[in-house]
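Single chain ahead, written as structure tokens, the form predicted on its own.
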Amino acid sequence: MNAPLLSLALKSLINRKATAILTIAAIALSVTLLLGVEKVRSGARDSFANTVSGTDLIVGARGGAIQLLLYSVFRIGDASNNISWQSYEELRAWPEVAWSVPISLGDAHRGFRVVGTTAGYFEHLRYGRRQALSFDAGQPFADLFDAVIGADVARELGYVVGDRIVLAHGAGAFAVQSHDDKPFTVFGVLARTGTPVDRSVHVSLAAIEAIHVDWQSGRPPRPGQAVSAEAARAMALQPKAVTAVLVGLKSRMAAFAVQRRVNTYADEALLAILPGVTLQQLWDAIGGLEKALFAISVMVVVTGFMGMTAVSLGALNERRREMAILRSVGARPREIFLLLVVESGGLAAVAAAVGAAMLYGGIWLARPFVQSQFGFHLPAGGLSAYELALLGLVVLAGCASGALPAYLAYRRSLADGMAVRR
């Protein structure tokens, strides 16, 4: 392709700059949507995969595997039943088990889930590529009524080490009964992880028992029967049950054997899941939505190019004389064809670049909000090979959309452009 043809195509587009700018804007928006869906998909998948790592099994009451994963890792929903403390102690004594971290759910603080656990939580829990939890301030809970909060809890509620907080019974809209007689002190603030840990309040299992020690059958104490915080300290606060257990094994080769042993445990109906496998099942369950969003974005791109083709066809009649003049000065039909294809391809290329720039600008602006509200990280690295391939297809589609007007211009004779139509 020669330089004069490219120069002529550029000058032609500049001469029709209003139409060209509108066409570029329409296609750029569709490209932004197309790449945005891909970024959200890959970001969500990475966030799902990186939420928990280094944990070989998660054990809970028998039920659905995805349900167990949702409430134990993502703090979504509630358990249908608990695990008895006796079963937990037997499980952690198995020779294959290297470590175990029990968690107890069921309380909240101003919309954030409360997680009752042990000090081993901060030692063994991993996220991302086996990254350990770290503290921005303070340290793991030491006293009965100490609390360790996630980064989002600290940021959104303005808490710092030393602040006093009050937990409430129940989660979400059901957290209506406050444990205001037993306040907690913020003893540590965890560094950001990009996982549900950021939106959790962590206390000891003994603290969970202490705030419910005077409750009966899930109901608050009657007047005159409440147990004070100081009195609770002197009581035996051994948990009777926990919600789930995170398990690390001495050898990952034993994972299936231990899983089978848990699932056939005779004394209690238990379920053990492999986090990685269940995460993939969860992703597959929502994969239909991912494909639907991608299909919608592709249709938006196609619609944009159909509009560009319609505009080119509409303008072709107005450009009859321009085409005829080019023919009269020596342009061959093949060059007229290439001129229109190059114009369409150039518009698509510019639109693809503008769309990619708009996407990264949007990611830069939206990343803090998405991170805090939805708990996953939008990747802002360079375009992947797949995304570059999508942009290449957009440019090819632009060239293809100019082929029909180019063919019609190619077929027209010189005299057709010179004739005066009444």
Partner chain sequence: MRILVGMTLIAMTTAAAASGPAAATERREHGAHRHGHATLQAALDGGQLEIAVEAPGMDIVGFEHAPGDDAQKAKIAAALRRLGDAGAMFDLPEAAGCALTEAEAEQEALADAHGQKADAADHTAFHAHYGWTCAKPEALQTIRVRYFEHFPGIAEIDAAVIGPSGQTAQELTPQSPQLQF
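Numbering follows the first chain given and starts at 1. Because the structure is a prediction, the values reported are computed rather than measured.
One more form of this protein, predicted together with its partner chain, exists but is not displayed; see below.
**Student:** With a 4.5 Å heavy atom cut-off, would you call Gly276 a contact of its partner chain in the predicted bound form?
**Tutor:** So Gly276 counts as contacting its partner chain.
**Student:** With the cut-off set at 4.5 Å between non-hydrogen atoms, does Val300 touch its partner chain in the predicted bound form?
**Tutor:** Val300 lies outside the contact set for its partner chain.
**Student:** Should Leu271 be classed as touching its partner chain in the predicted bound form when contacts are defined as heavy atoms within 4.5 Å?
**Tutor:** Judged by the heavy-atom cut-off of 4.5 Å, Leu271 is in contact with its partner chain in the predicted bound form.
**Student:** May I ask you to state whether Gln238 is within 4.5 Å of its partner chain in the predicted bound form, using heavy atom distances?
**Tutor:** Flag for Gln238 set to no.
**Student:** So which of Arg164, Arg260, Lys291, Arg129 gets a non-hydrogen atom within 4.5 Å of its partner chain in the predicted bound form?
**Tutor:** Answer to the contact question: Arg260.
**Student:** Exactly one of Ala28, Val37, Ala397, Leu391 has a non-hydrogen atom within 4.5 Å of its partner chain in the predicted bound form; which residue is it?
**Tutor:** By the 4.5 Å heavy-atom cutoff, the listed residue in contact is Val37.
**Student:** Between its partner chain and Ser72, Trp85 and Gly248, in the predicted bound form, does every residue show a non-hydrogen atom at 4.5 Å or closer?
**Tutor:** Not a single residue of the candidate spot has a heavy atom within 4.5 Å of its partner chain in the predicted bound form.
**Student:** With its partner chain taken in the predicted bound form, which residues across 242-261 come within 4.5 angstroms through any non-hydrogen atom?
**Tutor:** The stretch touches the partner through Ser251, Arg252, Met253, Ala255, Phe256, Gln259, Arg260.
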